[in-house]
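Heads up, the chain below is alone and in the form predicted alone; it's given as structure tokens.
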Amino acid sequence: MPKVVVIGGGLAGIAAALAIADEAESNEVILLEARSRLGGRVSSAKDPKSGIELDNCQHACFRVYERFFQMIARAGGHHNIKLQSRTNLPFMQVGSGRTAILRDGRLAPPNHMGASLLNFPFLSLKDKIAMRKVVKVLATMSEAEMAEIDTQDFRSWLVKKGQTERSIERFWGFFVLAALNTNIDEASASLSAFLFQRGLFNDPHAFDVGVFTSHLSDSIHPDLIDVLHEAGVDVRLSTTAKALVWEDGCSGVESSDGNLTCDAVVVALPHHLAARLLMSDEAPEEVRNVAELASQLEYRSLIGIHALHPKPVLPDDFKFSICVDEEVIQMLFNKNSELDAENLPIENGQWISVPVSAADKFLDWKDEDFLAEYTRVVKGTFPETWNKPQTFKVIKTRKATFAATAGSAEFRVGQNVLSQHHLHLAGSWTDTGWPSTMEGAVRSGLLAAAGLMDFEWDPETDWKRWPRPPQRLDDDWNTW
């Protein structure tokens, strides 16, 4: 069986290494990760002032992330995630505090949210009547039909379908922004259609929200590095891949830990790093062409805001909410409701987290600018309980996700297009059919592993060697 080097210890690299090692005990797998912990961009870091581990940005997962949950279950990490027992998506109007909830009901998809949408106060009857037609189109759209509209932006597509400006701003636009990390004006209509078909209008359980019970690195690294070791993977942290060795195909890796010879390599890196590694004078022309495609993908940034208050500001039953018509403070998450009690860093206080998606135009803002917006939104909505945060931290990630813009499918290559060179690719930027999500990353790793081991696998089916993904009322998973 082959000796394999996997470059990159994010979710894609972990999935690939674990799947290959699980397939046969005789497989020799080495996993190289430049950082001191696994997880890649799903990570946290210690704030030097407060000493608290802060996520790079608020992360949520959804029940539709089936392969991601399989990998977590394979590592025995059920305790790291809480899942809603039913879809519950709260919206809040800043200032007035007026709220509404989109939730699944008794009707069959795609109408399972119809009752709550009918009563949704932030859209007019005219908006809702127009939306019904598009919901039906999206629910029945084939993969081929979605692929055909990749070069269109989703806003233009919606306008052609008769959608109102209010529904675009308050419904369609929000979900695209949050899930694709791309503004609706530039987002691929294909990936946007996929989002709504797979998330909101297909399986009634798909959009049940999940959150982590500790900071991200603590939720990802310990269990996954343990299961990799148990599977026989040689995990080498703080080790950088400097170059690929080319001799009758990709035959090794030059690393900061020395040169490694192998039978195959899986490059599981963000696309700009993958392109840099593949773009070598010694590499075959086909490999350099793939590097050129990857280098043309753009990035979009994320900003994570963390506010730790000495006394609670949000109500006890407040878990999270979408903030209607807010450009910066797009959502509020009550971390107290997510974290296990032993993981709460402040006694008697409250930790509020804010994700800012597609945040490129806010990268030059100073912390006080974000604090002013945060204060306006939170104090303006909860004036009676407002108290100033004792810790306020802004974390900016410039290269957070690939930009899911119109036409981006052209630059996303398959995981195994270079298999004849003993080289495989993984990462959410590769052609998974998904936007840049934790699920897309894990799927890419499994697809690379399947290609390397030369067997067919349909990513819509479970990875057979791993536990099944969580079902509703599954006692193995915590409820949020």
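In this text, all values refer to a predicted model and were calculated from it rather than measured experimentally. Start at 1 with the first residue shown and count on from there.
One more form of this protein exists, namely the form predicted together with a small molecule; it is left out here, but the text below deals with it.
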> 393-401, 87-95, 335-343, 306-314: which one contacts the small molecule in the predicted bound form at 4.5 Å, heavy atom to heavy atom?
Replying inline: 393-401
> Heavy atom to heavy atom, is A12 within 4.5 Å of the small molecule in the predicted bound form?
Replying inline: yes
> With a 4.5 Å heavy atom cut-off, would you call V4 a contact of the small molecule in the predicted bound form?
Replying inline: no
> Might A34 be said to contact the small molecule in the predicted bound form, defining contact as any heavy atom within 4.5 Å?
Replying inline: yes
> Might T240 be said to contact the small molecule in the predicted bound form, defining contact as any heavy atom within 4.5 Å?
Replying inline: yes
> So which of N27, N416, N56, Q70 reaches within 4.5 angstroms of the small molecule in the predicted bound form, heavy atom to heavy atom?
Replying inline: N56
